[in-house]
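Here you get one chain, nothing else, as structure tokens; it is the form predicted alone.
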Amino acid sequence: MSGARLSIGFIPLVDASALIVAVDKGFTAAEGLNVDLVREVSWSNVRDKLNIGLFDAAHLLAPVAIASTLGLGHVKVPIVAAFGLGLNGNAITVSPALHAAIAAHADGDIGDPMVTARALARVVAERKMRGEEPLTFGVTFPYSTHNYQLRFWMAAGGVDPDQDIRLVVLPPPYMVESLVKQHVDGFCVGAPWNSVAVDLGVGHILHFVSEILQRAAEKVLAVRARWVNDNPDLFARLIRAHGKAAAYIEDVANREEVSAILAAPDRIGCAAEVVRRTLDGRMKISPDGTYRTSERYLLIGRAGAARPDPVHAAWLYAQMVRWGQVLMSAEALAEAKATFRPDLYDSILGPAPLPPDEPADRIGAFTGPMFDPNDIGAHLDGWKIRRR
């Protein structure tokens, strides 16, 4: 295969689907791109290799793109995110013991995230009273949607995620083994690892993140801003290939083929049936075979999911401020929002208007006021639990 050669890093997760399908179905080749997909284990590896130029592009956590642009936690390397690889797709999974404890302390339907958040607060208080060790939850990275989503849910019920429990960083492929060995009591991670835990009988999916936030930016196709400026034609071809791949994945007629492609050992490396469940939004949530269905579980191309939304960048920046990762500033907020580039998406693929049934604030949190990206202060003032 000839053409411009690109190296792109990814983590074995279902929200890398558009990236993998773009290569394996020949959409990148049709654009004259010869892409080497490099499977990585940790987000720090992906970020570092992208930042220093070992990767031309990467499957990247949306908050990491912002953190890199702002120089948080590492060197400052401006990132362009002009294509969203997925909205939602995460879930909160807990051990059978913790699931039973939450159910026993729940005052209502445990399908309701406020009910479970308050039940978790009761479990935490009871453990403190007995002098037991705090519960431990795994997240994939400090600057990750998983971290912010887990904190948002816990804090809504009165649990301080920095004082009442222990949060640890684990690469996605290591989450299940950590639950098996009882190193963690639960985790928030992307597909397929929640389903793997359920299938092994070691975990219960407590909530889809789409039950906590209806539209949560998850992964982006990240490229260094300098690379985009130096290679505008290559960049446009790369985005076009991904647009075609996302459309191919969202066509239900292609789901069986796509699931097999993604399940390959050098791609995600799991059962094709698990991938299919994820793409269909029909998830087994308990080892007893209980299923839960959500059309929002993972949005790859439909409902405007691939078009990056600066409102999502503002929400992520607000969480960074809420949890003490960065000081609030109008300049940093503007820089964070400018990391997401719908203008570039529109110039290459055309506009993708939101369907009318999407949340008015384009976030749709399960609690709290509507999010205003132009008034982060009001958003932060509404929460009792935060770092100041």
Partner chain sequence: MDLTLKIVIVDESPVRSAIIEEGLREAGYSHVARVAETANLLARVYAVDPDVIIIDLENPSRDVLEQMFQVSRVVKRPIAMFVDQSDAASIQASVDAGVSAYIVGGLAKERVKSILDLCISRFNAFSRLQDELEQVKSALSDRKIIDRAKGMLMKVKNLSEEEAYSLMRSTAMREKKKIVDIAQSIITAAEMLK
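Since we're looking at a predicted model, the values are computed, not measured. Residue numbers count along the first chain shown, from 1.
Beyond what is shown, the protein has a form predicted together with the partner chain; the following relates to that form.
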Considering non-hydrogen atoms and a 4.5 Å limit, does the partner chain approach Asp48 in the predicted bound form?
yes
Using a 4.5 Å heavy atom cut-off, state whether His183 contacts the partner chain in the predicted bound form.
yes
Close approach of Gly324 to the partner chain in the predicted bound form, 4.5 Å, heavy atom:
yes
Spell out, yes or no, whether the shortest heavy atom distance between Thr140 and the partner chain in the predicted bound form is within 4.5 Å.
yes
Each of Val41, Val77 and Leu167 within 4.5 Å of the partner chain in the predicted bound form, by any heavy atom, yes or no?
yes
In the predicted bound form, which of the stretches 125-133, 199-207, 67-75, 103-111 has residues with heavy atoms within 4.5 Å of the partner chain?
67-75
In the predicted bound form, the one of Ala334, Ala30, Leu354, Leu54 near the partner chain [non-hydrogen atom within 4.5 angstroms]
Leu54
Looking at Gly157, Pro171, Pro310, Gly281, which has any heavy atom no more than 4.5 Å from the partner chain in the predicted bound form?
Pro171
